[in-house]
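The chain below stands alone and is given as structure tokens, in the form predicted alone.
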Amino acid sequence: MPNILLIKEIVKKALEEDLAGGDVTTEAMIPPDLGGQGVIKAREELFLAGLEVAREVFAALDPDISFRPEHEDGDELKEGEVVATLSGRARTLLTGERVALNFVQRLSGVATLTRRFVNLVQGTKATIVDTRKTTPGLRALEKYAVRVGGGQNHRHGLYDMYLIKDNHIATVGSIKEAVGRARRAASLAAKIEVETKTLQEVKEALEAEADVIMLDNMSLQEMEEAVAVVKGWALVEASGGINLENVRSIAETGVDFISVGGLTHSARAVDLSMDITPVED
């Protein structure tokens, strides 16, 4: 799970965005001392992620709210199963409902889609990884959801891995020169990856002693040939145009990693609901 301080900051911004001057509808209708109970339920099959973020939403609004999870992140839920039960001031439950659900629906959607990809490549050597194609400000949470779904994180940002792409190569003149510059700047433990689009570029990256070679939008035949060329001297990553229909075939080419931008940029939010009932003293 991401650092709790980061979660608090993300939740703070989300609440400020939704509340601004307050929850005018709830404040006009609901007495401040009225108690309430809330039940969050799954309305479809899903893999759960983001419960602690939802808890933090209500805690930020009112530390006296009771938030009791009925499941844990990573659990597979069926339609109708209870995710969590809450109790406390009805005003707080109503005010926090949408923000809390937004987080859990979004993160569970990422985890659910990731698990579908992971299941499809079982029995191969391929590992499903994510990309930097994340929602601005939510990267740490979305990459956490990928891990919950059984995938792995690629680089978290521009700061933690050397990834030489086509524009870098075009700027410096060649793959060999680009890898050389990265190698001179990198620590001994740093990994250097090169994006390639042709088998000739794969050979150039291999000769330059890249640690990881990305096969960008190659055909299945080209991927198989590239894996044969590399012969285990570097790790091989498939990228571009990957979906649930072709991921198994790509995994069977022998690549080590399959990066899927859609895990985070195109995951559908799952369907959850929160029913709130008043509780009289």
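Basically, rigid core = biggest C-alpha set you can superpose within 1.5 Å across the two forms. Note that residue numbering follows the sequence shown and begins at 1. Predicted model, so just to flag it, every value in this text is computed and none were measured.
Missing here is the form predicted in complex with another copy of the chain; even so, the following discussion is about that form.
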query	finding
Segment that reaches another copy of the chain in the model of the complex - one of 134 to 142, 117 to 125, 73 to 81, 200 to 208, heavy atoms within 4.5 Å	134 to 142
Q152: touches another copy of the chain in the model of the complex, heavy atom cutoff 4.5 angstroms	yes
Contact test in the model of the complex: I164 vs another copy of the chain, heavy atoms, 4.5 Å	yes
Contact of T196 with another copy of the chain in the model of the complex (heavy atom, 4.5 Å)	no
Contact label in the model of the complex: N102 to another copy of the chain, heavy atom within 4.5 Å	yes
Contact set, 165 to 202 vs another copy of the chain in the model of the complex - heavy atom within 4.5 angstroms	N167, H168, T171, V172, A178, R181, A182, R183, R184, A185, A186, S187, L188, A189, A190, K191, E193
A190 C-alpha relocation of at least 2 Å between this form and the one not shown, rigid core basis	yes
